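There is one chain below, alone, in structure tokens, taken in the form predicted on its own.
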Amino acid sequence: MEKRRGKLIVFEGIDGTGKSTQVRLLREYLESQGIRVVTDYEPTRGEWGMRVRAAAASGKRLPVEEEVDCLLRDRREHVEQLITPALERGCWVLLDRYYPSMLAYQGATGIDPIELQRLNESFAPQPDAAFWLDIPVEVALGRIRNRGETNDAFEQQHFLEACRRIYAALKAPWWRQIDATADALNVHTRVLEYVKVLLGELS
């Protein structure tokens, strides 16, 4: 019998929305259902992703054109080396950020989000579901401060407001907005409502 392809599930949103928590909760649920799961995040810890991470952590971003180039290279390697092979093995791949982050963050820096989407979808598979965990920017920044973390170059209120507007304007059949101001288990319940639809497609 032909092996069934896995599903690609993405969690999006500005930092402080609880993406990593939701990845963990969904992994635990899927594994309890006997599904093999691979989790990861973007930018990766590869050469190109680390260039972006290191610059942001220093408080000064790369020039936006260089940033886009690094992120596209990083994502292409991620797709070729991890995402596609895992999906073909029948695993579900759960990502903390994917190309909608580029539409929001580099889009808010002045690059056309439609063009960024075209560039990404020329090689990167579309998600089966992408959950935008949406909270007010001031709440997200408060959560970051409460964790004892310092803001990096991306975590400035006016910039994050622009990112949030782009996220809000994104339209795709796989895009799902979720109010993430609730507690983590409530958000997880909302996520599962749609994930169970995908599971039903496999039965």
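Quick caveat: nothing in here was measured; it's all calculated off a predicted structure. Numbering starts at 1 and runs along the sequence shown.
There is another form of the same protein, the form predicted in complex with thymidine-5'-diphosphate (TYD); it is not shown, and what comes next is about it.
The stretch that touches thymidine-5'-diphosphate (TYD) in the predicted complex, counting heavy atoms within 4.5 Å, is 43-51, out of 169-177, 30-38, 132-140, 43-51. A residue is said to contact a partner when one of its heavy atoms sits within 4.5 Å of a partner heavy atom; Arg97 meets this definition for thymidine-5'-diphosphate (TYD) in the predicted complex. thymidine-5'-diphosphate (TYD) in the predicted complex is approached by Met102, whose closest heavy atom lies within 4.5 angstroms of it.
The shortest heavy atom separation between Gln117 and thymidine-5'-diphosphate (TYD) in the predicted complex exceeds 4.5 Å. Although thymidine-5'-diphosphate (TYD) is not shown here, in the predicted complex the stretch 75-89 places heavy atoms of just one residue, Arg75, within 4.5 Å of it.
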